[in-house]
Each structure stands twice: as C-alpha cells, then as structure tokens.
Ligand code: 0XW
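First comes one chain, alone, set out as structure tokens in the form predicted alone.
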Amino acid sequence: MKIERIDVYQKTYTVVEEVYAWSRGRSVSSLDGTVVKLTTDEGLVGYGECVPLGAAYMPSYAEGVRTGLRELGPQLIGLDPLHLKAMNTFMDSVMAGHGYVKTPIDVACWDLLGKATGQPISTLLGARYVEDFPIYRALSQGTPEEMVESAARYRAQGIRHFQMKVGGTADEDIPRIKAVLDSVQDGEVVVADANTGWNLHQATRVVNALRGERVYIEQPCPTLAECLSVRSRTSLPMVLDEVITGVPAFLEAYSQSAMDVINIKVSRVGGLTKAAQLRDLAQDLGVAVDLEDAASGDIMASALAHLVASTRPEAFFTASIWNYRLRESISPDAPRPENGRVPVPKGPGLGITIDQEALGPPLFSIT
C-alpha cells in the first residue's frame, strides 16, 4: 500500500463557553484546526488532525501546521502508511522537530492501519481494557465564585475530576483553589494547573497555603529545575505537563523524582506512535498518565479514546477531549461524553465517519 494523495483542510471551531482562559492572561474563543486526509493506491482513506490551542500555549500554531505539511507532504507520496515506525523515522529524518506538523499524518496512518486490518486503533495499540472512561473538565480561570459555579455545573454533567486554571498571583490563586476545594464532594479530584504561570516565590506561597489539602499541583513553573524546587517544598502530588516533550524529557524528570503524574499531549510529542511509546514507558515505571491534546476536534477525540482504552487502568489518571466543547463538528458518531464518561469507538481505525460536506473542500492537495 502506498500514499497516493494528501488533502489538507482548514476547519474553524468556536468555543461553546465563548471564552476559555488560563494563566498569564491567555485565552481563546475560537480554534483553527487542520485536517489531513490520506488516500492510498488501494482506495483506503485515513484521517488525522491537529488543533492548536492558539499560538501562545505550545510551540505550535495553526498556519504552521499547514506550512509544515506543504514542506513535508510531497516527500510522503509513495510511502507505505502501514509501517508506522518507519514513517515516523522518515518524517523525523526530513523535518527536525515540529511534532505538531507530523501528528495528523501519524494519526491518519493509524486510521489506515486499522481499516486495512479491520481492527480499532486501541486493539492495534495492544489492548482494549475499557469500553468507556471518565474525563476531567477544566475550570476556566475566573473569580472563586465563578470557578465554584463551573464545578457545580460540570458535576451535574457527571464530571468528578476538575482541573482548575490558575497561574495568577498567589493572592488570586489561593482563594480560588480553597473555594473549589471547599465545594468538592467525596471521591472528587482537584488539580490546580498553573500552566507555567507561577515563579518560585508565588508557587511557594501557594503550596504552603495548601499544606494538607487534597489537591494536585500541575506544572507550577516554566522549567523542570523550578518545578523540582517547588516539589522539594511540598508533599502535595505533582503533575508535569509542558516540560514533558518526549521520552528524553520524561526520563530526565523521572530520574529526579520530579512528578507523580505526567500529562501526555499527542501533538506535543508528534502523534499517537510517540504518545503510546511515552505512555508505555511511564506506566512501566509506575508514573500515572493524563492523556489529551492541547485541543481536539472529532478526529483527535477519537484517537485519544483509543489511546486511553489501551492504557492499563492502574496507570490511568485522567483524560480530556475537546470536541464536545466546540460548536462545529465533522463527524456524527465521534465520541462525546455521556454522564461524564466517553465511549471508545468500536469500528476499524478511528471508528468514526467523516462528514465531507461539513469538512468542505480541501485548502490544498498533494499528489
């Protein structure tokens, strides 16, 4: 089987809640996504996607995905998409870095492998432990009262795991976190995610104020060294996110006992192939995993569902998808939460159908 054609689409999404805000005053109200359609010489079609959370969150941006695909795409024509590791090795050899550009290609190749073998991606990833899974919901940064209200609204939807968007000053964040902690019920989980927004003195004030509380601290500062310093000052469990860029970064953090949980974002590490490799290493070393992406439309939500399903239950911390938070959709049967849980598609590959009319015409094609 060979790749014969690559179609690249642009899809604009709007956020249902109008504004999603996190640390350092960053926010989005719409998202610019890129969808890739790989067509093979045998007539099979596979889909992949990358939806950056604007340009200020990770080293990625929407037009960069498409510009990168214009550079990378022509070199993929004629390659066998079913040889996932060989495909990733080749992409890395002709384009250094830019994992977010390679992500939709890698996901589309997994979709093709599933369709060629008649198996869902989760089975091809090695297991299908669950048929559905719980997700967390991020509490967009706001006043303590607004964040408590958001938690109550999501609780009514079946959510039991909340990720608070903090990363302001200690004087702002301590009341936010304590208010939400005072409102949670037995069995619920709260993560205070600073998204690199604190410096050392602010982070120190926050963790000292939360001593003894049932809360996780996520990515308090921009660098591993700073996060290690914060960890040395608290017994609260820690999640690392932004600094986990791949296996080498994870091993460096693990060697210094820097965290209890890692947040694996598929487009940050370069696709499902590398995300699964990192996930497998983490779970073998006893580090729990949070599986997600910066944002996701229907395609990435489906890919994430398969990644979660193939994760050992004892290693699973939480997960997130974004498609149900967006007004637009390109798949009528993509997974969406039902009472706080997301079903894993059962069909081959991604297991979803794509509404070509909703997707529209390709922005450009490579043959």
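For every residue, the number given is its place in the sequence shown, counted from 1. Being a predicted model, the structure only gives us computed values, none of them experimental.
The same protein has a further form, the form predicted together with this ligand, not shown here; the description that follows concerns it.
With respect to this ligand in the predicted complex, the three residues L38, L113 and T273 uniformly fall beyond 4.5 angstroms at the level of their nearest heavy atom.
Of the residues given (K102, K265, R176, R279), K265 alone sits with a heavy atom within 4.5 Å of this ligand in the predicted complex. With this ligand left out of view, the stretch that reaches within 4.5 Å of it through heavy atoms in the predicted complex is, among 223-231, 205-213, 250-258, 133-141, 133-141. Taking the partner from elsewhere, Q163 is found to have a heavy atom lying within 4.5 Å of this ligand in the predicted complex. Within 4.5 Å of some heavy atom of this ligand in the predicted complex lies at least one heavy atom of Y20.
Taking non-hydrogen atoms only, L53 approaches this ligand to within 4.5 angstroms in the predicted complex.
Using a 4.5 angstroms limit between non-hydrogen atoms, W322 touches this ligand in the predicted complex. Along 272-302, a non-hydrogen atom within 4.5 Å of this ligand in the predicted complex is carried by E292, A294, in order along the sequence.
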